[in-house]
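Next comes just one chain, in C-alpha cells: the form predicted on its own.
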C-alpha cells in the first residue's frame, strides 16, 4: 500500500507508533475547516492532515502551522525545511487546503484567532503539565464548543521521560486530571509512546 506521505528525512516522536495514520483519519472523519498546530517542527502530523484533504477534495480547510523553527533552542529545524517537506509531497498548493506558516510562539499568535474559530487544535511544544495549563488556558476560547484538542503526551511513560524527571517538570497527568480540564473536556489517552491525548471541548 502506498504511504500517505513521503517521510524520508522527516523526524518526529510520533513516527515509531505510526500516529500519522491517526492524524490522517481524524482529519478525514471530522473535516475541520480551521486547524491550528502549535509546534510543527518538520511537519509530520501536519503533512498527514493535509494529505487527508488532498484525498477528500470536496472538503476544505485552512491549516495554520505555528512554530519557532530555527529560533527554538532545543530542536532545530528551519522553516524552509518544513516548507520543502510539503513541496516534495505536493501538499503545498492544494486548492482545498490553504496553509499558513507562522514563525511565532504559541503565546504570541493566539490573539490572531477569533474565539470559537478553531475546529481542531494540536499542541506539541515540549509539553509538560505546567506548559499545557498555560497554553490550553490561553487557547481554550479559540476552540469551538464540540471542537477537537489533540495534545502530545498524557501517558505515565511520557511523564517519566528523562528531561521531565531531570528538570522536575509537572506531569501532564496533573493537568489532565485537574477539575478545570475535566469540566471543559472529555478525553481519552492513546498510550503508545509518546502518547497522544484526544479531547473534545464540551463547554
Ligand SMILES: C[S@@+](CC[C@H](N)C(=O)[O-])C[C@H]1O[C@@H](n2cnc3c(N)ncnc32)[C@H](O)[C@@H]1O
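Residue numbers count along the first chain shown, from 1. Everything quoted here is computed from the prediction, not taken from an experiment.
Not on display, but discussed next: the form predicted in complex with this ligand.
**Q** Looking at 136, 68, 26, 173 here, can you tell me which has any non-hydrogen atom within 4.5 angstroms of this ligand in the predicted bound form?
**A** Partner contact (heavy atom, 4.5 Å) among the options: 68.
**Q** Within 4.5 Å of this ligand in the predicted bound form, do 128, 132 and 169 each have at least one heavy atom?
**A** No, the candidate spot makes no contact with this ligand.
**Q** Indicate whether this ligand has at least one heavy atom within 4.5 Å of a heavy atom of residue 39 in the predicted bound form.
**A** Heavy-atom contact with this ligand at 4.5 Å: present for residue 39.
**Q** With the partner left out here, check for me: in the predicted bound form, does some heavy atom of residue 187 sit within 4.5 Å of this ligand?
**A** No, residue 187 stays farther than 4.5 Å from this ligand in the predicted bound form.
**Q** Mark residue 21 yes when one of its heavy atoms lies within 4.5 Å of a heavy atom of this ligand in the predicted bound form, and no otherwise.
**A** No - in the predicted bound form, heavy atoms of residue 21 and this ligand never come within 4.5 Å of each other.
**Q** According to a 4.5 angstroms non-hydrogen atom cut-off, is residue 87 in contact with this ligand in the predicted bound form?
**A** Heavy-atom contact with this ligand at 4.5 Å: absent for residue 87.
**Q** Enumerate the residues of 89 to 116 that have a non-hydrogen atom within 4.5 Å of this ligand in the predicted bound form, in sequence order, or give none.
**A** Result: 104, 105, 106, 107.
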